[in-house]
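The chain that follows stands alone, in the form predicted alone, written as structure tokens.
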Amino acid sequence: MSGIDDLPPLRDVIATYELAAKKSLGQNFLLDLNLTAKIARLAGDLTGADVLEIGPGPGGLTRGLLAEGARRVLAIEKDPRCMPALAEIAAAYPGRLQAINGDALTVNPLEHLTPPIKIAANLPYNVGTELLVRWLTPPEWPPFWVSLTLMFQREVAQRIVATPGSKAYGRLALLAQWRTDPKIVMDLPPEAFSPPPKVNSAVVHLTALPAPRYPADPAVLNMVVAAAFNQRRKMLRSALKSVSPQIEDHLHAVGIKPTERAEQVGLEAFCALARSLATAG
């Protein structure tokens, strides 16, 4: 019996169902149920929310989310070996867990969830950033989710909260900080996982803002930011030449020196530049 419910400890679950982590699936299982319960609490009050979980594996975080009172959990797991362990959890929490064997990049969670929806996951390393970018760039804002509580490699977590002037600052920081309030809320050492990864991990909590922090057309902003950071060592007048032949005029108009590089420019200035470019058509 574990500390948070009447189900067996995770090491026993992994042994019973022969769930050795697969590197090809980016799997690193978190085995301490006290830690998974703590991560679930970092997602805030779950009692009135449905929760989307990606990559539950043997169900450590799943159990934390359910024990902390999530109304319902939708767990999307690519590895069919994990389904029997998740079925055992579903039986212990009748009507509150739906586990789908599928790819999180193709399954539409909205067919299975009712708002308000929170997302909480120990994301597989190989799809974590791609999923985050998708959740940050929906066709309409506010998004279907109210918050994201996600575990990443610490390097990725630092890129999400980075500020101008730092090496970690780039497109991911701008995407996250434009529409959410992101914070690193927990650090985890490699030895917390099985197998231990080669890097430290961190949990990031992102709360969706009701509207973007500064007005800008999402497509134009994304184009400008991508072009600027694709050639981050170049001055902006060179890096953004492909965006507009009159780029220097636009930079001057919004108070950005054409000789500056992308990592020196803050979010508000990038939004102003996107508005200037959009107005010029």
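Treat the numbers as computed from the prediction; the structure is a model and nothing was measured. Numbering starts at 1 and runs along the sequence shown.
Keep in mind the form predicted together with S-adenosylmethionine (SAM) is missing from the figure; the text below concerns it.
**Student:** Pick the stretch from 42 to 50, 211 to 219, 240 to 248, 23 to 31 whose residues have a heavy atom within 4.5 Å of S-adenosylmethionine (SAM) in the predicted bound form.
**Tutor:** Heavy-atom contact with the partner occurs in 23 to 31.
**Student:** Consider the chain as shown here, without its partner, and state which of Pro115, Gly102, Pro164, Pro84 has a heavy atom within 4.5 Å of S-adenosylmethionine (SAM) in the predicted bound form.
**Tutor:** The residue from Pro115, Gly102, Pro164, Pro84 that makes the contact is Gly102.
**Student:** Just to confirm, with a 4.5 Å cut-off on non-hydrogen atoms, which of Gly170, Pro143, Pro109, Pro124 contacts S-adenosylmethionine (SAM) in the predicted bound form?
**Tutor:** Exactly one residue meets the criterion: Pro124.
**Student:** Using 4.5 Å between non-hydrogen atoms, is Glu88 touching S-adenosylmethionine (SAM) in the predicted bound form?
**Tutor:** No, Glu88 stays farther than 4.5 Å from S-adenosylmethionine (SAM) in the predicted bound form.
**Student:** Given that the partner is absent here, does Ile54 sit within 4.5 Å of S-adenosylmethionine (SAM) in the predicted bound form, heavy atoms only?
**Tutor:** Ile54: contacts S-adenosylmethionine (SAM) in the predicted bound form.
**Student:** Is there a heavy atom of Lys78 lying 4.5 Å or less from a heavy atom of S-adenosylmethionine (SAM) in the predicted bound form?
**Tutor:** Flag for Lys78 set to yes.
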